[in-house]
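Next up is one chain by itself, shown in structure tokens, the form predicted alone.
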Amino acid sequence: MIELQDATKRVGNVIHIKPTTLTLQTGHFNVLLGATGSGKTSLIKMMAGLDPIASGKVLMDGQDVTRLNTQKRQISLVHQFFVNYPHMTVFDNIASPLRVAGMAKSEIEGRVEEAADLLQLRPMLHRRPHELSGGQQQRTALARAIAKESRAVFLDEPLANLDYKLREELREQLPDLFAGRGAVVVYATSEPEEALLLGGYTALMEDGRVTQFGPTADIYRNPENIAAARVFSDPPINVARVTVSGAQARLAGGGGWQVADMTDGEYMVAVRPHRVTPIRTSDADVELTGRVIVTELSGSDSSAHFQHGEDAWVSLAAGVHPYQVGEDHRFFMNPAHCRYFGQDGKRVA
């Protein structure tokens, strides 16, 4: 278990990590999800002992490791870049931290071979990194982390530089590779879909702070604030101003629906792009007419960015749809999928 207690990080006068209290458990993936610059890597470096903290504490299994160096924390770190020793074979790369620890030769061989088998590297053990593909180099780095049997494993966007097929393959394998090893696994990503596929628990990050933490699926369904809703959506979640009066919600650009248990006032409504479609799907749907600004076709999906009143919206729908930039188009939204937030950004319904 890793505990952060009001931990902060400064670089000069700039606060990179605001006071953060967080507990990360073993037995499942702990995902740090946020855009580039949100603080994911800074938080990992604090926990790993690579960067000093300005205030607060870091505990591992109840032990205060705030002032301990990286080696004494018994951690492994896998970056998005392929960090292997170029002059060493794959075997020696995997074995390197075990030799530093003074482990017996027979135990080193056993651990390296076990990790190599898990990562399908047995035929490459005598090759050097320049003889490997990008995927094989990253597998080598992952095998080194597994063989070391660390107390904590930090994976900082480890699949970012791999091609799509390799990313999908390794993403599916990662939870099983680290299952039952007794390590706290922390995985940083900027992709909401990746967090959902990995499952476990997710800490949403924005501007150097954790905006929400909990079971990944729960956070996706029930964001506590507008910042959390924005982080956990790709394409970006639709956010628009809405006025509630007499149990009726109405958008500034037109379109209204019934709401329950909400007092009259001004709110923000948020709905994910895949809940805004060019085809009516139920009698409860609200029609939104908007001028199409940008269209994109990705595989079997079509997206359209459109202007509805003063608000910019995004629709993401399966299939190919004949959008024309500059033309008005009808879109439909089911209010059952809306989330409401107050002017302070906190969830109200």
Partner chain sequence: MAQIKLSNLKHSYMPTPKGPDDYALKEIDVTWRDGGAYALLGPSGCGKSTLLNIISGLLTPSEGQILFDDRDVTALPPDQRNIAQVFQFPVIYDTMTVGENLAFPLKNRGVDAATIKRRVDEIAEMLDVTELLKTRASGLSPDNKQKISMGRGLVRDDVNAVMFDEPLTVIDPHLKWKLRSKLKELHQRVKATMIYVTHDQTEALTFADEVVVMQDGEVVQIGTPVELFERPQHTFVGHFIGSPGMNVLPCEARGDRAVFEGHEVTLEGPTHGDGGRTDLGIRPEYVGFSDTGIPARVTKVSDIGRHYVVSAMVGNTALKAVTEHSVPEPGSQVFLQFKPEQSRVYRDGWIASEERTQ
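Residue numbers count along the first chain shown, from 1. Keep in mind that what you see is a predicted model, and the values were worked out from it rather than measured. Think of the rigid core as the biggest set of C-alphas that the two forms share within 1.5 Å after superposition.
Not pictured, yet referred to below: the form predicted together with its partner chain.
K.L.:
Only one of 145-153, 263-271, 179-187, 160-168 has heavy atoms within 4.5 Å of its partner chain in the predicted complex; I'd like to know which.
P.N.:
Contact criterion met by 160-168 only.
K.L.:
Might residue 300 be said to contact its partner chain in the predicted complex, defining contact as any heavy atom within 4.5 Å?
P.N.:
Because a heavy atom of residue 300 falls inside 4.5 Å of its partner chain in the predicted complex, the answer is yes.
K.L.:
Considering non-hydrogen atoms and a 4.5 Å limit, does its partner chain approach residue 35 in the predicted complex?
P.N.:
Close contact exists here: in the predicted complex, residue 35 approaches its partner chain to within 4.5 Å, heavy atoms only.
K.L.:
Answer for residue 97 alone: is it within 4.5 Å of its partner chain in the predicted complex, judged on heavy atom distances?
P.N.:
Taking the distances in the predicted complex, the answer for residue 97 is no, it never comes within 4.5 Å of its partner chain.
K.L.:
Is there a heavy atom of residue 47 no more than 4.5 Å from a heavy atom of its partner chain in the predicted complex?
P.N.:
Contact check for residue 47: no, nothing within 4.5 Å of its partner chain in the predicted complex.
K.L.:
Quick check on this chain: which one of 87, 105, 221, 127 has a heavy atom within 4.5 Å of its partner chain in the predicted complex?
P.N.:
The residue from 87, 105, 221, 127 that makes the contact is 221.
K.L.:
Pick from 172, 117, 131, 109: which residue has any heavy atom within 4.5 angstroms of its partner chain in the predicted complex?
P.N.:
In short, 172.
K.L.:
Can you list, in sequence order, the residues from 275-299 that come within 4.5 Å of its partner chain in the predicted complex, counting heavy atoms only?
P.N.:
Residues within 4.5 Å: 293, 294, 295, 296, 297, 298, 299.
K.L.:
Could you check whether the CA atom of residue 146 moves 2 Å or more between the shown form and the other one, using the rigid core for the fit?
P.N.:
After core superposition, the C-alpha of residue 146 moves less than 2 Å between the shown form and the other one.
K.L.:
After a core superposition, would you say residue 282 shifts its C-alpha by at least 2 Å between the shown form and the other one?
P.N.:
Yes, shifts by 2 Å or more.
K.L.:
Would the C-alpha of residue 294 be classed as shifted by 2 Å or more between the shown form and the other one after rigid-core alignment?
P.N.:
Passes the 2 Å threshold, so yes.
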